[in-house]
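Listed next as structure tokens is one chain, alone, in the form predicted alone.
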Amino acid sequence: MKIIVLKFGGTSVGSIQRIKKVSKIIKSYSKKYRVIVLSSAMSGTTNKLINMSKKISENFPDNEYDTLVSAGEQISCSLLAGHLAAIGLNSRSWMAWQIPIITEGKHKYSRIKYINKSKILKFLKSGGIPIIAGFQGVDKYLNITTIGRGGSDSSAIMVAKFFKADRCIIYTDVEGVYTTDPNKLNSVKKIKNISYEEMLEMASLGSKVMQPDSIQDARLNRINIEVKSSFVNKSGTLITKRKNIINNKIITGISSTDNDAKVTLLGVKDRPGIAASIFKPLSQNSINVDMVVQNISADGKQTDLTFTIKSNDLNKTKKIIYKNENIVFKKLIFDKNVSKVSIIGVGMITTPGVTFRMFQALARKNINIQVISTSEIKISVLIKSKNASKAVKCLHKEFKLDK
């Protein structure tokens, strides 16, 4: 029999009733496949554990953080395996160290390097249904590690890779991937098929269906992912390679953020390597810089440099810049009331005029653009947060995503 990997998110296993519902889904697949299940912690559990660590110390050790937050998956996996056993199925829970799932990298941000398949394969051949804890692994010294928030998706994809699974299905509380956030616009449409590249852009730009790292893992390993709801029995969205998709739309989806901040250094003394001097310490402190705009003065001696970061990194960024002795500038200003709105679609590669249509649609609504960035399949603009909803709505209509 072929192997299928099923991953259930926190809301899908968020209560005893939900766990019983999920058990029925797993049982239905067990008739046709050898099933491997990945489970997240019950919704809210990880946040409770993190809050506990903060009450202990604002500098809670990273290794103990991993040990603490990985406990959430242990609870959900045990409850799920226990209910499967109660309805007559051979199931047991597996923590990462029991398999083991080997990771590399820093605590809190590790990546899965290798999965020892022997114990799980033996259990599958005996008719068992393993319930594996997502989001966690162990390093070469057998210390517990975690692979970042939302890491259970990455766990599922890497399990699908190592076990050469026929299918990988991510169960969540939404029916699939939509043209934009359904909480922000009523006229959204569910996307039937989307490319890895488009999904990666949407995830990076604010879509909360899946984490960007997990999409990248799927793209690199060419693993098809189906995203669907555990709450209703409906088809979901297939994330796959471009050549598998037939789509006549120029734009596939629109994303917007509500957690960006704009930072501007005015009057920076310009010299070769100044940008590297600014961004190197930010990189060393795991601060991700996104949109960047540089304006050189007429005499070429000074520059104004603007970039965006996540708003929760703003205080850390300010401290780093003020302490940076390698740069000279006149003033540092920042703005937390900004949002990034992006249109994404592989269709824009071969379609002229997309940029014009986007800017014209925004101009008609008197929405001013502060910063622009582009890639092969994406155009992003930074605007005032108060205009984000209006921008998404007019762009959704402009590119006929509601049709």
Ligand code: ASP
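Position 1 is the first residue in the sequence shown; the rest follow in order. Just so you know, these numbers come straight off a predicted model, no measurement behind them.
This protein has a second form, the form predicted together with this ligand, left out of what is shown; the following refers to that one.
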Q. Which of these residues, 341, 344, 41, 38, gets a heavy atom within 4.5 Å of this ligand in the predicted bound form?
A. 41
**Q.** Residue (of 128, 150, 236, 212) lying close to this ligand in the predicted bound form, criterion heavy atoms within 4.5 Å
**A.** 150
Q.
With the partner left out here, check for me: in the predicted bound form, does some heavy atom of residue 30 sit within 4.5 Å of this ligand?
A. no
Q: Among 41-49, 56-64, 332-340, 362-370, mark the stretch whose residues have heavy atoms within 4.5 Å of this ligand in the predicted bound form.
A: 41-49
Q: Enumerate the residues of 285-317 that have a non-hydrogen atom within 4.5 Å of this ligand in the predicted bound form, in sequence order, or give none.
A: none
